[in-house]
Ligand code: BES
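Coming up is one lone chain in structure tokens, specifically the form predicted on its own.
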Amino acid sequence: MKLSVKERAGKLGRTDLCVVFATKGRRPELPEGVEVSAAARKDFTAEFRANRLCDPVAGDAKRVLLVGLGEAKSADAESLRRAAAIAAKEAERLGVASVTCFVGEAVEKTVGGAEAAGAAVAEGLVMGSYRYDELKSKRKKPSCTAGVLLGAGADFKRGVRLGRILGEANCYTRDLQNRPGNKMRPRDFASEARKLARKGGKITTKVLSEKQMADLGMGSLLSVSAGSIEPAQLVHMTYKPKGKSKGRLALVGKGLTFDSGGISLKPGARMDEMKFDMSGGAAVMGVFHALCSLDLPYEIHGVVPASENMPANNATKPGDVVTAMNGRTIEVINTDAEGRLILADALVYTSTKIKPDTIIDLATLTGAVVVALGHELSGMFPTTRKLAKELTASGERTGELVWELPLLDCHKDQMKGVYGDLRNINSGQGNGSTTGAAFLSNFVGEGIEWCHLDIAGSAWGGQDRDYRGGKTGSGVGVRLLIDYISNKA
């Protein structure tokens, strides 16, 4: 959806659909010259997500859609984001070509100011109008392709620009997630990264082949792709700011383009969903999609180990021992715990070749995190209180919530091997998420601030939140990380 911004002062002008947001107990603030009937105002409760479509009795709008944000004391940017997504869906249902969203002064104040309001409405419109149909033989063109946002001042305009960038980056990430395994292979990750490098000039990309990875000693990563005809790829993207960098950050995303479980074969039911096992890598790509249009004062690296896990005569077997880039030996007890094997070498590569101040990795790592947190939160394992607070705050601002889980020395002890230094699963203890993070901690360089985000629940399958939810990918992580980096600056 193409977005434009106008000052809300003055008359509205002609529009097919004018959307107005309001909180409970407050009369909806309408554009100048626009009036709705007393019956419409009475019917509209302003409960969260409640909406009332009406024909105005005065003004240039053909129709007016009132959308509720709920109680003012609990309404926030997420409420407005969801309300804007509802508006996008209703505009499409009505078949209008464009939608105008009026954001009044009271709504701006309620959700945290003009910039926050502009960003939330823009994100909601863009993400709420998302559809994945690129593989359909007959595509239905969307009717509503433009949105006009009415607010006040430069802050609102700046917020709309940021919201559009982040909304589009989220949709880009979801496109990558939703593609099936035969359309999103390791080589396709590399291709997408090269496209991003050509997009704006702020990003450079290099891709390591299996031979180059072998020369670096990445036996853990390569053990996963051994049974696949698709060669693994290690994608390394770099963003450098215009001015002096305030520091060096690295984002590492698990890019398992399809996970059959390998020799430890998964059950057939819902195995098709294992195309989503690359969601961490997709999120990193989405961050760089946004960075093409942003100017942030950090040097930012994105590392995506992309691989496919398949059973074959030459596939890694349960009981095999492999050696990671840092020399640690790993007993592969279960080949379906493969994400940590590709992340291990990616983390060593990031620690030694990039030497960042902070590493954040994102991975659909464990089913255990779904048991612990469901589909609405990501599990967070930070090594510093500062990082924990920053990511938690970003999660609350973006609606991409995180929840801290423990990472203790006893969890690290549980990952010690019998025949090798480590083993890749902790059998019978039940704490799969914590021991997964504990395993990864062995491959992060000393002195580097680090956080592991387990997004196995939040990457897909969540409840309907108007702008995302259900069986398709959620694009989780992109807006969270951009908000974290922006506020860190």
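Numbering starts at 1 and follows the sequence shown. Just so it is clear, the structure is predicted and the values come from calculations on it, not from any experiment.
One more form of this protein exists, namely the form predicted in complex with this ligand; it is left out here, but the text below deals with it.
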Going by a heavy atom distance of 4.5 Å, is residue 391 a contact of this ligand in the model of the complex? no
Might residue 460 be said to contact this ligand in the model of the complex, defining contact as any heavy atom within 4.5 Å? yes
Spell out, yes or no, whether the shortest heavy atom distance between residue 230 and this ligand in the model of the complex is within 4.5 Å. no
Exercise: residue 337 in contact with this ligand in the model of the complex, heavy atom 4.5 Å: yes
If contact means any heavy atom within 4.5 Å, which of 341 to 349, 207 to 215, 383 to 391, 272 to 280 contacts this ligand in the model of the complex? 272 to 280
The one option of 406, 367, 153, 200 with any heavy atom within 4.5 Å of this ligand in the model of the complex is 367
None of 259, 400, 361, 192 but one has a heavy atom within 4.5 Å of this ligand in the model of the complex; the exception is 259
Would this ligand in the model of the complex be within 4.5 angstroms of a non-hydrogen atom of every residue among 285, 451 and 479? no
Contact set, 427 to 458 vs this ligand in the model of the complex - heavy atom within 4.5 angstroms: 456
